[in-house]
Ligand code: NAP
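Listed next as structure tokens is one chain, alone, in the form predicted alone.
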Amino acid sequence: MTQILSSYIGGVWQAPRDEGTTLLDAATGAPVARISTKPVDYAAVLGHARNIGGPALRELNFQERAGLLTALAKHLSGLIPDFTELSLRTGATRRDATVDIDGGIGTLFVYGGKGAKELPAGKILLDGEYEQLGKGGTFGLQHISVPRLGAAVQINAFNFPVWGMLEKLAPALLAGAPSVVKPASQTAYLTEMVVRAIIDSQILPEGALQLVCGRPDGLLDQLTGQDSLSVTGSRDTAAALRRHPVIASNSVRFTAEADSLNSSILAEDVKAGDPEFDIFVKGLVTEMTQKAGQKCTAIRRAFVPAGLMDAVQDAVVAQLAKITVGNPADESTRMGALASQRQRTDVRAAVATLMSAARPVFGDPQTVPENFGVDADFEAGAFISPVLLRADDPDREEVHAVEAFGPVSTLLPYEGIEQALDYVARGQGSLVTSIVTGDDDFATRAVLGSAPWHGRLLVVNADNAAENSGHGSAMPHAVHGGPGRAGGGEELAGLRSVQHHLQRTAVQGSPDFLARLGGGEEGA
């Protein structure tokens, strides 16, 4: 029988008492591990975070906590090959693993560096300038930010078992908040491996990080107004957690990042053969096939000037036809498997709904993909073909409301920039939209018209294409999140996310005292 995953709680690794459920290799169907179907004692877990981890982290100043992040990033960097080997079992290729594993560790480096360069060697963060309130100059006001006294609880999705944890962990640790990590079950074995490496390193103070491999039942009931909850998942999951009575009544800080109908717009100034045409096509194919399309930032709607629909379709189909789908361990594989058979069932159902409003021009979600790897088993693994749809009627509601969380995208025509922006807005809030154009006027109008609906916009042309970070890359420097359907939250964005774990307080007093407070004296 395969080994059951343990939880790291209360300072020890604890194996569950139930037999759990089996987690399967996404590509071969072979058992990888088992995970408990029971909850843990969340009162004890959160008590350990608040009473042991929190005080230990708050004893350190911002600079010292930044040093922990850098040390941790260096330690984990040496283990990337080991993490990558296990990542193959999630269905991800080695190239996919760099997005998850290297990207997560890179986020630790960024936050460690930013903390060292931009935060004070103290425990109080000044917010704004001193403001004089009295005419005589003896009384004034200074806003400060200090660590809150609770735990940073994170509930993560299956598609990024490493990055999803580390991108939340980095700002929390920098702020002085202990973290409780609840990974998605399907890929929790990779998260557990990374957490074991973190705990074994003894870099972090005890209680700064705990891992729960089991059901979350009862977790939210234990949260207080000093805690925070950060969720990555579906729109429905985020909405349900947001409505939880404890979240509402205790004013628990809540942020959600949900999958959304992200877009890419090919501008009207672009013609077939232009560099921007090729940039648009390459970006779309990458987002369809990287991580088998299982990215909350992937392009789901590709808006094309009506006169270029055929040309774009032909170009995208030609590139998709070259994609080898198969065992992620095979170096020739360009796209691996979905995370599970259940996920494949969900994607097929979503594609069936989309096909009521669009027609497939490449791929069939039910049959063996073109260029299928010779050593891959279509029935045993969770393989699926990339599917490109074409909706000649872009007013159909389905294409702006239904997301197939896999290698699926829809081409939609538009006439004029205002119509394109209207269609983009019908997604009701997204994480990111790309604007591919060589015309700065088009780009400006597109940014102004679409920014209210997005957390991030990517404007790409022939001059910056070589250095652009990519449509689907959630950079630690940029906002990751979005309004409406995208969850309404914000993560990352550099040091802005550290504030999520701090309390802003206005302190009124004499200018000498406030200057001393902000200068780091008396334990500040």
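Numbering starts at 1 and follows the sequence shown. What you see is a predicted model; the values in this text were computed from it and never measured.
The same protein also exists as the form predicted together with the named molecule; that form is not shown, yet it is the one meant from here on.
With the named molecule left out of view, choose which of Ile124, Ile155, Ala376, Leu389 has a non-hydrogen atom within 4.5 angstroms of it in the predicted bound form.
Flagged contact: Ile155.
Exactly one of Gly106, Pro216, Gly113, Gly225 has a non-hydrogen atom within 4.5 Å of the named molecule in the predicted bound form; which residue is it?
Checked against the cut-off, the match is Pro216.
Quick check for you: of 131 to 139, 89 to 97, 446 to 454, 342 to 350, which stretch puts a non-hydrogen atom within 4.5 Å of the named molecule in the predicted bound form?
Looking at the other structure, the answer is 342 to 350.
Each of Asn159, Thr232 and Cys296 near the named molecule in the predicted bound form, meaning some heavy atom within 4.5 Å?
So, yes: the whole triplet contacts the named molecule.
Wondering, does Ala315 line up within 4.5 Å of the named molecule in the predicted bound form on heavy atoms?
The answer is no: Ala315 has no heavy atom within 4.5 Å of the named molecule.
Any of the heavy atoms of Ala175 lying within 4.5 Å of the named molecule in the predicted bound form?
No - in the predicted bound form, heavy atoms of Ala175 and the named molecule never come within 4.5 Å of each other.
At 4.5 Å between heavy atoms, is Ala380 in contact with the named molecule in the predicted bound form?
Contact check for Ala380: no, nothing within 4.5 Å of the named molecule in the predicted bound form.
Heavy atoms within 4.5 Å of the named molecule in the predicted bound form: does Leu431 have any?
Contact with the named molecule, yes.
Suppose contact means any heavy atom within 4.5 Å; which members of 175 to 191 contact the named molecule in the predicted bound form?
Read in sequence order, the residues that approach the named molecule (within 4.5 Å, in the predicted bound form) are Lys182, Pro183, Ala184, Ser185.
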